[in-house]
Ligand SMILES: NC(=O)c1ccc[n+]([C@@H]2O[C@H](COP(=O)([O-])OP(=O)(O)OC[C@H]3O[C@@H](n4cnc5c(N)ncnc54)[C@H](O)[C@@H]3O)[C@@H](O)[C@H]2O)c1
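Presented below, as C-alpha cells, is a lone chain in the form predicted on its own.
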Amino acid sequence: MTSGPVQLAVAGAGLIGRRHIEQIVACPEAVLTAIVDPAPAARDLAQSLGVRWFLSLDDMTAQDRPEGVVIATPNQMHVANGLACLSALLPALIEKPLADDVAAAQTLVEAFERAGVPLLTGHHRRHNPMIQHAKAEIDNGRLGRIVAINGLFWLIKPNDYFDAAWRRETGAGPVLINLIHDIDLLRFLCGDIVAVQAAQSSRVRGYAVEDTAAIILHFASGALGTFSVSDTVQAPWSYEFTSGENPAYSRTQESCYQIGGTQGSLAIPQLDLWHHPDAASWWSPIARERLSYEMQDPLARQIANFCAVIRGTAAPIVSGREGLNTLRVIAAIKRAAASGASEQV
C-alpha cells in the first residue's frame, strides 16, 4: 500500500460528476488523476485541471492506473462501468442507484465481494454529521423503542426539468430518483425494511412516471413508517429544502422526517428531541431539546471515506451491499404501487 494522497479518477463529468471532481481536488487525502467521459466538455475540463482525459474506462486502465474510481455516469451504465473497474481490480464508488434493477445490482455487488475489491454506493447523505448524530441518539436509546416514522418529500419540479425525454419515462419518477435517498436514510436510522404498501398517481402531468406516491413501510423491528412523495407540490418539506446540504436549494426551517419512540421523538434535520420531562402523559408538559452538531459537506466526507477504505484504515459508510438493499426496498415499492398489494422486500 502506497502512502500519500489516494489517486482517484472520475468516470462521468456531468452534474454530479463535476461535484465529485470538485471534492477530490479540494480533498487533502486525494488527488485527481483522470476524467473519463467522451464529451468534449469533459476533455476541456480535464485540460483545465491538468489531468488526463480518456474516452472509456478500458482506455484508462490500459494506459494509467489510479487507486480508485468514482463512477458518476448515467444509471444504465453503472454495471458495465463497475465491472470494468473490477476487471482491473480497482475499488469503485458508484453513484446511486447501483443499477437499473435489483438483479443487475446483485450481480455487481456479488462480483466485487467475491474478488475482495471494495465497492461503495454514493448515498452521500449518510455521511452528513447531522445524520450521524441522529443515528447515535437513536442507538443510545434516547428515543426508547422506535414505533413510528414519518417522512415527506414534497417539492415542485419545473416544466423544463422534463425536457429531457428520459425523465418522463418509466423508471425516472421521484420514487427512484429522489425517494431512494430518503429510504436509504430511514434504513440507516431505523433498521431494515421488510415489507411495503404503496399507491401512486400521475394525474397532474400525465407522464408514464408517477408524480405522487403514498407509502407504508414495515420495519424489521416492528415499527411502522409512512412516506408521502410528490414532485408537483409547492412546499418546504423535503430533505433538499430543509437540510442545507446543497446550496442550489433554498433552505427552510421545517422538518422532513419525524422519528417517534416511547421515550421521545426526533425531528430531522433540526435534531429537535421532544419528550415529557416529568411524566409520560399527554396531560404533562412536553419539552424540546435541540441537539447540536458540526456541519460538514457530506460529499467531502464521502470522498475521505473512500480514500480511507482504499488505504485499509476504515470500513465503507455505505457499502455496495447496503446500496443493493436500499434498491430492493425501492423495487418493492414500485411493485406494491403496481399490484395494490403488500410486497415483501
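Note that residue numbering follows the sequence shown and begins at 1. Since the structure is predicted, the reported quantities are computational estimates derived from the model, not experimental observations.
The protein also exists as the form predicted in complex with the named molecule; that form is not presented, and the subsequent description refers to it.
Only one of the listed residues (183, 72, 175, 134) places a non-hydrogen atom within 4.5 angstroms of the named molecule in the model of the complex, and that residue is 72.
Of the listed positions (81, 232, 150, 265), a single one reaches within 4.5 angstroms of the named molecule by any non-hydrogen atom in the model of the complex, namely 81. From the list 8 to 16, 320 to 328, 21 to 29, 333 to 341, the contact stretch for the named molecule in the model of the complex under a 4.5 Å heavy atom rule is 8 to 16. Contact check for residue 77: a heavy atom falls within 4.5 Å of the named molecule in the model of the complex.
In the model of the complex, the named molecule lies within 4.5 Å of some heavy atom of residue 39. Of the heavy atoms in residue 218, none are within 4.5 Å of the named molecule in the model of the complex. Taking the partner from elsewhere, residue 96 is found to have a heavy atom lying within 4.5 Å of the named molecule in the model of the complex.
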